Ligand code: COA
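Just one chain is shown here, as structure tokens, and it is the form predicted on its own.
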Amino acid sequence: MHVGPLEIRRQEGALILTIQREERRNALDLATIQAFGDVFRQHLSAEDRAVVVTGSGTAAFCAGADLKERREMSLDQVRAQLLRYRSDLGWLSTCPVPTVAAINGAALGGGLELALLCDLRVAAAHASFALPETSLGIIPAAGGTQYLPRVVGAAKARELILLGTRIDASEALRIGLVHRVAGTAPAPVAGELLADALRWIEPITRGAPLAQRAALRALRAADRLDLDAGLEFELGCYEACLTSEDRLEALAAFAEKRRPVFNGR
């Protein structure tokens, strides 16, 4: 099914969102941004174990803001659109289940910021990455200046943003911008990246849902809490797992030498 320019489907426990704007290099226009918000408000299910975001084709994951649309906007409309990045895309960074960017090509500007909202990032070998906004007289204002330092460190973030440096997938892997590179360059195979990403996240989609959610809450808290507060928060997250049926099932499966079957209770 489709929600605006987003194709939505479920596969192997994951909700897969594909931007279907290949002719515009999957750029983020207003309709696409709103569609992401609609998915969160109306289509995310308790049965979804992960959310995977990708783009159509093999050229671009997302080339950032749709500059053709942007040229027709007033200053107030641009300001309103920046707020929509937070209200309609920001849920990817707070979603109760892990979010994954399957970066099938160039991730530029707002496209890289979209990927940075996700918990995990898998890139095709031919993918490239840049935040070129300063060369356009602006800054990465969809979270780039805040999320990038948290992912690659302050020094590297300064370089990438102030110089607008474009890097390839191997460099992105080396600096920790992505977690995994799939496939071979320069001849990408359609569907190869998504298949690789789904195989890679099987421990999530087949794992214990309560434990995955609790671990994610604790990990995200580490970004905002000092160590003592974080350790206290961690204990609270563990408590939710301690009393679960899934924990008992894991112990039973271990004793019986079989694979556990988790029900999320």
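The first residue of the shown sequence is 1; numbering continues from there. Please read all numbers here as calculations on a predicted model, not as lab measurements.
Here the subject shifts to the form predicted in complex with coenzyme A, a form of this protein not shown in this document.
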TODO: May I ask whether 126, 168 and 192 all come within 4.5 angstroms of coenzyme A in the predicted bound form, judged by heavy atoms?
DONE: no
- [ ] Decide whether residue 88 counts as a contact residue for coenzyme A in the predicted bound form under a heavy atom distance cut-off of 4.5 Å.
- [x] no
- [ ] Tell me, yes or no, whether residue 162 is in contact with coenzyme A in the predicted bound form, where a contact means a heavy atom of each within 4.5 Å.
- [x] no
Task: Any non-hydrogen atom of residue 216 within 4.5 angstroms of coenzyme A in the predicted bound form - done: no
- [ ] Give a yes or no for residue 149: in the predicted bound form, does one of its heavy atoms lie within 4.5 Å of a heavy atom belonging to coenzyme A?
- [x] no
Open item on the list: Using a 4.5 Å heavy atom cut-off, which of 92 to 100, 74 to 82, 151 to 159, 105 to 113 contacts coenzyme A in the predicted bound form?
Closed with: 105 to 113
Task: Sole residue of 199, 224, 41, 68 within 4.5 Å of coenzyme A in the predicted bound form, by heavy atom - done: 68
Task: Residues of stretch 24 to 56 in contact with coenzyme A in the predicted bound form (4.5 Å, non-hydrogen atom) - done: 24, 25, 27
